[in-house]
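Presented as structure tokens, the chain that follows is alone, the form predicted on its own.
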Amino acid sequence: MRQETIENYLKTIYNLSYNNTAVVNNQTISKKLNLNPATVTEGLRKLHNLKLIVYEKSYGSRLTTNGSKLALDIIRRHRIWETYLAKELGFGWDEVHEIAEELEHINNTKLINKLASILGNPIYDPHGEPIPDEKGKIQKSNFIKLSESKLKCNYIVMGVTDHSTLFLKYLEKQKLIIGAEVKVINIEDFDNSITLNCNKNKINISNKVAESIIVQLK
């Protein structure tokens, strides 16, 4: 099993397990990696034999301590590359994810730490995702999903969990970028869609969109 493949599996399991607090089933991993279930099952068995995950066919997978450590290292590399691409090279937040997907597999700790130092050891990447430190620790926050927001409250957009180009361009069009101030003026009972005031404009977003936007109470 190639190292790049191992890293992709571990990063995916970590992200899908809500920071390694839940077991992830095969179907979810298969969908995320865009691989057929049989291929995923074989891959998970190999990771289990490497003692990087605990895998049970009828239950799912969770990372071991070693697996979690490696996953956090990959995530750190990815998010530092994203930040470097955005801040130093001028790439847009809708461009950096795909490039970082390739660069994250350069396993050179000295290089990553040097990049982090140049950037001022950032805590968050261009999408507002937390960057693990050298020891794999992530700073805790009181951020919530916009879908969990309360009526009439004011929030600041802190990040997104969907890094796809189409989604990020949609947010830019709506001016729902990081740092934007929003006020929830209506939550529809029927479908939980939300009406916001943002930059003096009234916009309506679906619950699906709100699920992928991270905010902090102002």
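In case it trips you up, residue 1 is the first one in the sequence shown, and so on. Computed from a prediction, not measured in an experiment: that's the story for all the values here.
Below: the form predicted in complex with the DNA, not depicted.
In the predicted complex, the DNA lies farther than 4.5 Å from every heavy atom of Glu188.
In the predicted complex, the DNA lies within 4.5 Å of some heavy atom of Pro37. Heavy atoms of Thr195 never reach within 4.5 Å of the DNA in the predicted complex, leaving it off the interface. Among heavy atoms of Gln216, none comes within 4.5 Å of the DNA in the predicted complex. Shown without its partner, this chain lists Lys69, Arg45, Lys183, Lys175 as candidates; in the predicted complex, only Arg45 has a non-hydrogen atom within 4.5 angstroms of the DNA. The contact with the DNA in the predicted complex, taken as any heavy atom within 4.5 Å, belongs to Thr41 out of Thr161, Thr165, Thr41, Asn154.
The candidate spot formed by Thr12, Lys32 and Thr65 lies out of contact with the DNA in the predicted complex, as no residue has a heavy atom within 4.5 Å of it.
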